[in-house]
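Okay, here we've got a single chain as C-alpha cells, the form predicted on its own, with questions on binding and movement later.
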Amino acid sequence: MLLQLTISGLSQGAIYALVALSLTVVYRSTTIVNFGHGDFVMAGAFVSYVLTVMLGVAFLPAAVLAVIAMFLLGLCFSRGLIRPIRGGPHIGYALMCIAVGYVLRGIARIVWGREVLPMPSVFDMPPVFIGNLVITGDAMFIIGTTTVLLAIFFAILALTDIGKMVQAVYQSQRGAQLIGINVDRFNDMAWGVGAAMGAMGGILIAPVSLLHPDLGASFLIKGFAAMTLGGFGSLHGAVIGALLLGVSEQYAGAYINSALIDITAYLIIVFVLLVRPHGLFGHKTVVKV
C-alpha cells in the first residue's frame, strides 16, 4: 500500500511541480508572486477542453495550441498590465495579479456557470501490474510527460545562454541592464513562459479531474506550498517541494484522515514558515546594518 500511495503522490506531485516551477520562473525574473496564477492554470485546462471536446481537435495538437495561447496571454499580461505599474509598490503587483485571475475566473463562470465538466479520457495506456502494485496509464503519462518537460527546462537553463540571463536578472536587474540584457523584454518572456508552464499543469490534470471555474484556487495554494517548502527562488526546490507535497497528501489521507488531503498544503506552509522560513533549498536573507 505504501508504494501504491507513493506512485499516486508522485503523479499528483508532478502536476504540482509544473505549477510551482511556473510560479518560480516568474518570481526569479521579476520578484513577483503571481497570486492569480491558479486561474491561468484553470484557463489552460479550459482552452484544451474547448479545443478537444467542443471543436474536436485531437488532444496533442489541442494541448500545443493551449500552451501557445497561454504563453501569448502571459506575454500580453506583462506588457499591458505589469509594465505600466513597474516601479510602484509591490502590493500593486499582487492586486493586479489577483484582479486578472478573477477576470479569468469570471469569464469561465459566464460561459459555464458553476457547472462541473468531465474531460474525456485521453490516456489509453493500459495499467502495469507489479505484484500488488498497479501503475495506471494516467500516472505513467503524467509522470513521464512531466519528467521530459522538466528535463528540457533544466537543460535549457544549464546549457544555454538563457540560463545565464536568468541568473543575471535574478541577481540584479540593474546589473543585467548594464551588460546589455533587455530586462523588460526578458520579464515579458518570463510571464509568458510561466503562463505556458502553468497551462501544461492544467492540461495534464484536465483528463483525470473534473473541470470547473474555481479549479485554479486549489492549484495556486499547492504551487505556493511547494515553493515555500522548496525555498523561494529555487527552481529545483520547487520541483522537489511539489513532489514531497503530493506524496504527503496521499500519506496523510491514507494513514491519518482523508480530510487532511485538502489542508496538507496549508499545514506545510504554516510549518515551514515557523521552522525554516527559507525552505529546504532557499537561502537565508542576511541584512547588514
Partner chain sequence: MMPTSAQLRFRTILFWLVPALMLAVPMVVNPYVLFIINGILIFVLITLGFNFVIGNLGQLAFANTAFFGIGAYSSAIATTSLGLPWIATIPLAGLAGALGGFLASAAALRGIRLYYLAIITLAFGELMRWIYVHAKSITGGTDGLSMPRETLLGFSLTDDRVKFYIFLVLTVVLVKATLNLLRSHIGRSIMAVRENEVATASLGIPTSRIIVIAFMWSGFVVGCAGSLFALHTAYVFPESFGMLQLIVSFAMVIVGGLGSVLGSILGAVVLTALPEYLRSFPGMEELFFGLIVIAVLLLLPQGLASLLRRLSPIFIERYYRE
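Residue numbers count along the first chain shown, from 1. Everything numeric in this text was worked out from a predicted model, so none of it was measured.
A second form of this protein, the form predicted in complex with its partner chain, is not displayed here; the remarks below concern that form.
Contact between residue 224 and its partner chain in the predicted bound form is found at the 4.5 Å heavy atom cutoff. Contact check for residue 174: no non-hydrogen atom falls within 4.5 Å of its partner chain in the predicted bound form.
Looking at residue 228, you'd find a heavy atom of it within 4.5 angstroms of its partner chain in the predicted bound form. Mapping the unseen interface onto this chain, residue 240 falls outside it, with no heavy atom inside 4.5 Å of its partner chain in the predicted bound form. Stretch-level contact check against its partner chain in the predicted bound form with heavy atoms at 4.5 Å: of 194-202, 79-87, 145-153, 179-187, the positive one is 79-87. Using a 4.5 Å cut-off on any heavy atom, the residues of 83-98 that reach its partner chain in the predicted bound form are, in sequence order, 84, 85, 89, 90, 91, 92, 94, 95, 96, 98.
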